[in-house]
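Take a look at this single chain, the form predicted on its own, given in C-alpha cells.
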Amino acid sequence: MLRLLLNRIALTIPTFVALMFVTFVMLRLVPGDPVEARRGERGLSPEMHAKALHDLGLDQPVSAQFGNYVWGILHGNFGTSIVSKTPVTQEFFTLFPATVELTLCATLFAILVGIPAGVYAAVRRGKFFDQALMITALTGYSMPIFWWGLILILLMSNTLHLTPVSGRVDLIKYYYPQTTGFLLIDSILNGPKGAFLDVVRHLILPSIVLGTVPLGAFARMTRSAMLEVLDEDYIRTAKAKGLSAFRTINLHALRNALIPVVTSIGLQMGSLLAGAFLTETIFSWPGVGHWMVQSIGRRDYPVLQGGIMLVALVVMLLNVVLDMTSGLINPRLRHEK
C-alpha cells in the first residue's frame, strides 16, 4: 500500500505543475485589464494606471510574474485578492464548506436514486423499466445544467412555490452563528426552530440539478456491473441452494457489483467539486464556484489562479484517497498497481 501511495503522489506532482503553468498562461491570454475592470467607467490617468499595475506586480515581465507565482505557491501563498485585499486561501476556505455541502448532498441524491434504479434495471433486464431507465439516464447525463436548473426553478419555485430560488438559508428569519460553515450542522447546533428545514429546502433544487449527471452515471454503471455479476457461477449456485431473490441480489450480487461503482462515486465527487460553477451561479449559491465566476468579470487574477489550484489540489488528494480505498476494497487492484 505504501508503494501504491508513493506512486500516486509521484504522478500527482507533475500534473499539478502542468496545471499551474497552463492556468497562469491562459489567464494572461484573456483580454482585459484588472485595473480598468476595478475602476470601470471612471478611468485613470496613465500615471495612476501605471502605478496601480506596479502595485499589483503586473508591470513585470511575464516570466518574473510566473516565478513569483510559483514561489508563492511553494510557500503556501496562493495570492491576495485584488478586489477584497484578502488572502485567497482565507476566502477559499470560508466558501469551501458551502461547495462541499452541496456536493455531498448532490452525491447522496445520485446514490440513493441511481444505485437502486440500476439494480432493479439489471434484475428486470430487457423489460420496460430497464429500457425507460437507460433512456432517462442518458437524457439526464446529456442535459445542460443551466437549462435543467432554470426549468426546475420555474416549476418548483415560481409555479408551485415549494422551494426557494437562491441562497443557503433565509437569513432574515433564521440568523444564527455559523460555527462549521456547514449549515446543515450549524442549523442543528445554533439555529432556531425551523432553521434546519429551511436549509434543507434551499438544498433541494441545487442538489437535484448538480446530482442529475452522476445519477445517470451511477445507474448505468450499477446496471452494467450487476449484469456481469448475475451471470457468475456463485450466483447460480446461490439460486440452486434455494436462497431468496432478495438475499441473492443484495447479499451476494450487489456487494461484488459495488466495487466499480464505489470508484465511480469518488471520481464523480471530484468532478462535482470542480464543476459546481454553473449550479452555484444559477442558484446564487455562495460557494467557491460562484466566487470564481464573479472573479472572472473583475479580472481578479490571484483569485482565479489560486482558486483553480486549490480546487485542483483538493480533487487530486481525493483521487489519491480513492485509489487507496479501491486498493483496500479490492486486493486485486492493489497487486496490479
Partner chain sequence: MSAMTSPTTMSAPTPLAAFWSAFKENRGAVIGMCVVISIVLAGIFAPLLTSYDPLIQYRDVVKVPPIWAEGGSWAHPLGTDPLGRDMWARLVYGSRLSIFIGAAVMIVSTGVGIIVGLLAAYRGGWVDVLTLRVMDLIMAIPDILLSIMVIAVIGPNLTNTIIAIMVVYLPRYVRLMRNTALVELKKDYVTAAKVSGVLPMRLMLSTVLPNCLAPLIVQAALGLSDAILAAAALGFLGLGAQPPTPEWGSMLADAKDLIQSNPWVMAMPGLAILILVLAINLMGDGIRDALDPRLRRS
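Between two forms, the rigid core is defined as the largest C-alpha subset superposing within 1.5 Å. Everything numeric here is computed off the predicted structure, so don't read it as measured data. Numbering follows the first chain given and starts at 1.
In what follows, reference is made to the form predicted together with its partner chain, a form of this protein that is not presented.
Residue 153 belongs to the set of residues with a heavy atom inside 4.5 Å of its partner chain in the predicted complex. Taking the partner from elsewhere, residue 158 is found to have a heavy atom lying within 4.5 Å of its partner chain in the predicted complex.
Put simply, residue 22 is close to its partner chain in the predicted complex: some heavy atom of it is within 4.5 Å.
In the predicted complex, no heavy atom of residue 132 sits within 4.5 Å of its partner chain. Only one of 97-105, 77-85, 140-148, 110-118 lies within 4.5 Å of its partner chain in the predicted complex by heavy atoms, and it is 140-148. With the partner removed from view, the residue among 50, 70, 62, 26 that has a non-hydrogen atom within 4.5 Å of its partner chain in the predicted complex turns out to be 26.
Taken together, the three residues 200, 207 and 324 lack any non-hydrogen atom within 4.5 angstroms of its partner chain in the predicted complex.
Contacts of stretch 212-237 with its partner chain in the predicted complex, defined by any heavy atom lying within 4.5 Å, are made by 220, 221, 224, listed in sequence order. Put the two forms on the same core and the Cα of residue 18 is off by 2 Å or more between the shown form and the other one. In the core-superposed comparison between the shown form and the other one, the C-alpha atom of residue 69 has shifted by at least 2 angstroms.
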